[in-house]
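What follows is one chain in structure tokens, specifically the form predicted on its own.
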Amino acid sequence: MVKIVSVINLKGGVAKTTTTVQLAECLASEFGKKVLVIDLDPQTNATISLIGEDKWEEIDRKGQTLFHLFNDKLKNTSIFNIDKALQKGVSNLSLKSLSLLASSIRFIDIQDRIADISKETEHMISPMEVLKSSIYSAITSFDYVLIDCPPNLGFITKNGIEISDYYLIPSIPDYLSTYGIPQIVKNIHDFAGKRSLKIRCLGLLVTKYASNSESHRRGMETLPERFRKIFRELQIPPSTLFQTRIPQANATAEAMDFEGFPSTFREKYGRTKSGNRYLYEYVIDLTKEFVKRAES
């Protein structure tokens, strides 16, 4: 059965998109899983990382991004076609089992009007159910669906939450990056209760960890208990930090460049080491832990 996971943080620059792409490529390449990335973020970074700018511009011109799906509901048009929009065999690793539903920067033009979808569809579709009503049946053949959400809890993000089994929070372990985490957990808990959803927190993943940073070390001393406290106060089943910490490394950002030409996953993420380990080893450990949590 497909497992659907939204990747969420309210703060930018915490490796939310990088985490999504790393997990997707590792699941497809190293674990033989059939994976779909749904890019809901108007910044389109996951899209560009997986298909490049030229291909994105082509499918945007053809009206086959998720912006067009939402815009169809606002304008009563039928431009978006799920079969044409589904990009297969993506990534510069040419992974046959990895697919993408692309985002568009034009999401920015309509994100404040998504609340009008209910009225424009004569209340047949809720603003939170555009994905569910239009593409859910087409994604059940995948093993994993990873949703790269915008850095907010607006209607677009709620479309991802609506269809998700879990949500994953990537964060740098400093105060500013973790400040909004209680808001994420509380808002998703409240939304899930109102919508009768069974979504659960998969965990908090520490990203861009710098072992020589005093603020990171202090953060790691307090973060596990601060995270547990959120769930205690809401009186809901707890979640925990992932044991794997993804280190800060320039090579990780460079690996997101579609114009690179790696021949394997391990080459793509193994150009440098952090400590005494290649970077790809951290991603594989993360993916093993991700699978164990998602399948439990």
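Note that residue numbering follows the sequence shown and begins at 1. Remember, it's a predicted structure, so these values are computed and weren't measured experimentally.
The form predicted together with a small molecule exists for this protein as well; it is not shown, and the discussion that follows is about that form.
Stretch-level contact analysis of 53 to 61, 36 to 44, 223 to 231, 266 to 274 against the small molecule in the predicted bound form, using heavy atoms and a 4.5 Å limit, identifies 36 to 44.
Although the partner is absent from the chain shown here, G12, K16 and A249 each have a heavy atom within 4.5 Å of the small molecule in the predicted bound form. Among residues of the shown chain, G203 is not one whose heavy atoms approach the small molecule to within 4.5 Å in the predicted bound form. Although the partner is absent here, P151 lies within 4.5 Å of the small molecule in the predicted bound form, judged by heavy atoms. Residue contact with the small molecule in the predicted bound form: H189 places no heavy atom within 4.5 Å of it. In the predicted bound form, at least one heavy atom of A253 sits within 4.5 Å of the small molecule. Contact annotation: of the candidates H216, K73, K208, K158, the single residue with a non-hydrogen atom within 4.5 angstroms of the small molecule in the predicted bound form is K208.
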